[in-house]
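Just the one chain here, laid out as structure tokens, in the form predicted alone.
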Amino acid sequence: MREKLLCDISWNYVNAIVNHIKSLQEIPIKDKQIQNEISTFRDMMAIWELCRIMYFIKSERYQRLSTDLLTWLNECYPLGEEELNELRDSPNLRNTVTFWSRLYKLILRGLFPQAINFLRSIIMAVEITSDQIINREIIINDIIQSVIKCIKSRPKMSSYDTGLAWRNWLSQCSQLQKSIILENKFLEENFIMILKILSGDPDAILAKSSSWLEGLVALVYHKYPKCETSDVRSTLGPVFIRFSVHPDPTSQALKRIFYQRIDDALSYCKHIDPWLLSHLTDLLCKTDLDETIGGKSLLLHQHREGYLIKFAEPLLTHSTLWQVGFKYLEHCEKFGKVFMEEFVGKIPFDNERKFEKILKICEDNGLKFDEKCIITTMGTKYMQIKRYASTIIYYMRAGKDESLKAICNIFLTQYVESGKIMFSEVLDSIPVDKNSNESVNFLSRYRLYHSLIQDEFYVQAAQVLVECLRSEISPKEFWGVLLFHTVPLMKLGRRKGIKLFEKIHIDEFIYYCSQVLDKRIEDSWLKLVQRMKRWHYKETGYFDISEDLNPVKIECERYKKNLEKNHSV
């Protein structure tokens, strides 16, 4: 299953490269930049496909190495059309050097259907006669037909396993060579040379090859059709005696891939394209689980993450591809998380959709600290524009208790200033439960108290008020506001004979009075009372507020006596 997956990945990469080359070729006017890009992607294609043949895990898609290399050569370095244009105007193809040069290349590259068509094009139509010239033409035609028959009878790959079919075919080629005797020595030499190439004669193959790649692949295909990857190196010596390799990075990389020095090959890929370097190294490492490719130095595996990270870095700062960059880092098991921590906080986010994507990256990769910082930043942004509901939601997600407490104090201050609950709509937008932040919970309970009073549910309102006091969450000076709320409830309870508070509650009220009158908060308490006096009578209809909390104390004594009286009765 894993082998098939890796092979599929390799083919997907190849298809992506091929499709991009096609899209570039379809551009009507190609400037120098487009031409260079096409050339670069062709180089990438050649290197990737050669690595696939030499290193990647085999599957049902792959044939023998010799056939794969031949297909690779013809796809990545196809024959040009210049010679064909020249041949169209030639009156005598048999005696044209260009014709035989083209035919050699077709044979070398295993393009047998085209080679057969070429040979058929020089068969002369003759009538049976005793004329000596016509007899010569018949002999040449017979030789051509014999060569065609020899090409057609070349054993298929499935026949190589026994070796018998292959040996018999080589014997036929040899006999045909010996039988070719012509007055036209030019034709004789060319027919014999074709048969030598077909028979795998190294000197003939290399003599007619136009490059080291063509010579090497033709040598493998015609001389060593059954060779394995490890055998290719032994064929390189004669090739490099005859041919020199161009110093460009692609040629040098291909040479080292054939030598199976993959670390050296990848060092040249650096100069071709960073995508090729990172993705090829990654797939080679996934293929090379037993570390037979990387060798003893293990540089292939050591460099993998570095190449991927270097490729990902420009993506991380890209306005639309930054998520792709993080995907690459996710595949770097050793150093990926370190780079994520460095970059994730630098990504600008101007909307909640992008913000959630960044958070998802943090959650998926265990970046708890960064996640908390990003959420806090988002909350702060909303705080600056006074969108308090969103601010509270994000601060709750980030666990910013102190910041939430500060927001809570803002709303309580607004109440002290106006006597109005101005945070009701904010709380409506926030999911609040018993596990929510204690400051947010306090606001929710305090709003509930006012709602119960308005609906005349006094018993429940008294219970909620006691809970708010006992929580001790609000600033200490605000306890005095809560104590002021007890006064009308205690009066109502005495007047209507409703037991709204217990004796223990009254004792607690007295205790909280002493805490509010603490000298350490005297200034803030006095300022609070002065602000409340501006609206208190108008909003509530009674004057029971003072700096010394005497109205609360007096009513507590009265309520306590009323409780004792009712108890004795």
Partner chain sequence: MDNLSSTYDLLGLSTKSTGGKISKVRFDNTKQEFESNEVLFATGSWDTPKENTLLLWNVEQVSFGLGEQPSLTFSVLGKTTHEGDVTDMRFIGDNILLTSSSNGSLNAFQIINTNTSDFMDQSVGTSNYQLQMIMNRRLHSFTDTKNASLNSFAIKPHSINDPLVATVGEDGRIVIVRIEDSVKDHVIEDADASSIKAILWPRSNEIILANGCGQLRIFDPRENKPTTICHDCCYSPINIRVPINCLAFHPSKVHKVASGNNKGGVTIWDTRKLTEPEKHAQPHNSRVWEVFYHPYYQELLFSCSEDGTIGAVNFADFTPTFSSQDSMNAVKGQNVTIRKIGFKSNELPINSIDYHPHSKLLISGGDNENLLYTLI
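As the structure is a prediction and not an experimental result, all values here were calculated from the model. Positions refer to the first chain, counted from 1.
We do not show the form predicted in complex with the partner chain, though everything after this point is about it.
Review point. Any chance Ser319, Val324 and Ser436 all have a heavy atom within 4.5 Å of the partner chain in the model of the complex?
Key: Spot residues vs the partner chain: full contact, yes.
Point to revise | Distance check, Pro431 to the partner chain in the model of the complex, heavy atom within 4.5 Å | key: So Pro431 counts as contacting the partner chain.
Exercise for review: Answer for Tyr382 alone: is it within 4.5 Å of the partner chain in the model of the complex, judged on heavy atom distances?
Suggested key: Yes, Tyr382 lies within 4.5 Å of the partner chain in the model of the complex.
Check your understanding: Should Asn92 be classed as touching the partner chain in the model of the complex when contacts are defined as heavy atoms within 4.5 Å?
Key -> Result no; Asn92 lies far from the partner chain in the model of the complex.
Check your understanding: Though only this chain appears here, would Ile393 touch the partner chain in the model of the complex if you measure heavy atom gaps against 4.5 Å?
Key -> Close contact exists here: in the model of the complex, Ile393 approaches the partner chain to within 4.5 Å, heavy atoms only.
**Study point:** Sole residue of His301, Lys420, Lys360, Lys223 within 4.5 Å of the partner chain in the model of the complex, by heavy atom
**Key:** It is Lys360.
Check your understanding: Of the options His246, Lys491, Lys476, Arg387, which one has a non-hydrogen atom that comes within 4.5 Å of the partner chain in the model of the complex?
Key -> Result of the distance check: Arg387.
Check your understanding: With the partner removed from view, which of 345 to 353, 232 to 240, 170 to 178, 139 to 147 is the stretch that lies within 4.5 Å of the partner chain in the model of the complex, judged by heavy atom distances?
Key -> The contacting stretch here is 345 to 353.
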